[in-house]
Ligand code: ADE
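As structure tokens, one chain now follows by itself in the form predicted on its own.
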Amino acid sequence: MNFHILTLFPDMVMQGLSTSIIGKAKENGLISVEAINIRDFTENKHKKVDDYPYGGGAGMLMQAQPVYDAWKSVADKIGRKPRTVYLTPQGQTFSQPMAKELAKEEDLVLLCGHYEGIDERVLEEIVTDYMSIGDYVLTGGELPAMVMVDSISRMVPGVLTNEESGSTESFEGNLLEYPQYSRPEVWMGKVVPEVLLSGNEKNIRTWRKEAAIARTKERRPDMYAKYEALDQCRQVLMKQKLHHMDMIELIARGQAELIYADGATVCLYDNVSGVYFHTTDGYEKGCLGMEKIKEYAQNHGGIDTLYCIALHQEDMCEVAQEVLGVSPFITCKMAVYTKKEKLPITGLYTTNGKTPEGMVEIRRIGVEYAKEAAAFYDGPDGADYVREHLEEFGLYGAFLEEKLVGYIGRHPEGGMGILQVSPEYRRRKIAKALETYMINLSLEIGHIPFAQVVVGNERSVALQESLGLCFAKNLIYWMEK
């Protein structure tokens, strides 16, 4: 990812972003940061970039010409109009979901204002987003820009060494992070909670969740209210657990934004994938939920940004077509692994770099395997989906003698999928090895493993049943533009 910061103080920005995790990410080529000095583009011989505002008033205003020319130098270099964020107290408050969204950009321009602001005409010409880091005023946009670069960079694959560390911290799922402790066990008479010393992963997860809830309720009642509303939805959805596992896990993993809820009618937005989810127990309430989804989309980038929705009732498909302009894509069966115990791996796979006869080695792979992976992808989304997924999330590849023979991953909305095995290596339990690995990995990090199988894919149905997954009676209807 490439950050382009338009500023009057380039040294301040570059020095502030040259150390720690961000500095290492730059060294490793995971991100790049350049500071463009707006003064270099002024036509004034004294390098003056400000003037008095028309109509009078206190202070000076940054002029349009040098700002525009500085921005255009970036646009010309990358060959297109980049997403451009103006750092201003008048903007939308920056948040963790925004950081995740912006991390998907290849290039991002951050415009730092000074004095009393910037000529409105150039803002209208180049700015796509107005953002603030809080309801207070600073002397310039450099500090907010550095805050955003730090936050966004952490969401770029590879920047954080632990693949889960970016998704188990403050603000995920509308909960603050739980308290953490290190050595010694006793410090100034204060003792580390006994459960953290027990080694019982299940009890530790439970304690951390309860501690996070209590801390959020005490310190951030506004966030707790959102958490409580989603938790009430989760309890409603649990009444048809198998059918709604996608929405239940969306809430549990901290990806869900609540759009509308009325009894068993629940509408969610996935902050990671951008997919909408809809379920209802009544036609009229279902129609109202659809209208709420349309309203939400219009207020968050426009209805054209709504590209995909998962429906849990067939009679809502026609409504979605009429209200949202989407069309049927695929229909799926929901398969859920309901057990708590991991599956045995004997004779299936290893993760230690060795591949005994009849077994594959499974390890995480990135975009460097895009060409090999796309060569035998036959999924409904097209081979480009594999490359995009490798770039953004990574996959888990199965190897025999260092040859990629299969892979699996998680769709952004949480379900296991993208399971592929090279044709010449099928019927050798590689698919079973990959899904076993994925189920066990999901259990390790506290997720309930689930998958959505396209209706008619009997080979996949048989695989799920052989691994002990249970199928919901009702179907999921995917619609897209």
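The first residue of the sequence shown is number 1, and the count goes up from there. Predicted model, so just to flag it, every value in this text is computed and none were measured.
FYI, the form predicted in complex with this ligand isn't displayed, but the following is about it.
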Interface stretch in the predicted complex with this ligand - options 239-247, 320-328, 135-143, 117-125, non-hydrogen atom within 4.5 Å: 135-143
Partner proximity in the predicted complex: residue 87 to this ligand, non-hydrogen atom cutoff 4.5 Å: yes
Give a yes/no on whether residue 155 approaches this ligand to within 4.5 Å in the predicted complex, heavy atoms considered. no
Look up in the predicted complex whether residue 230 has a non-hydrogen atom within 4.5 angstroms of this ligand, and give yes or no. no
Could you tell me if residue 131 has a non-hydrogen atom within 4.5 Å of this ligand in the predicted complex? yes
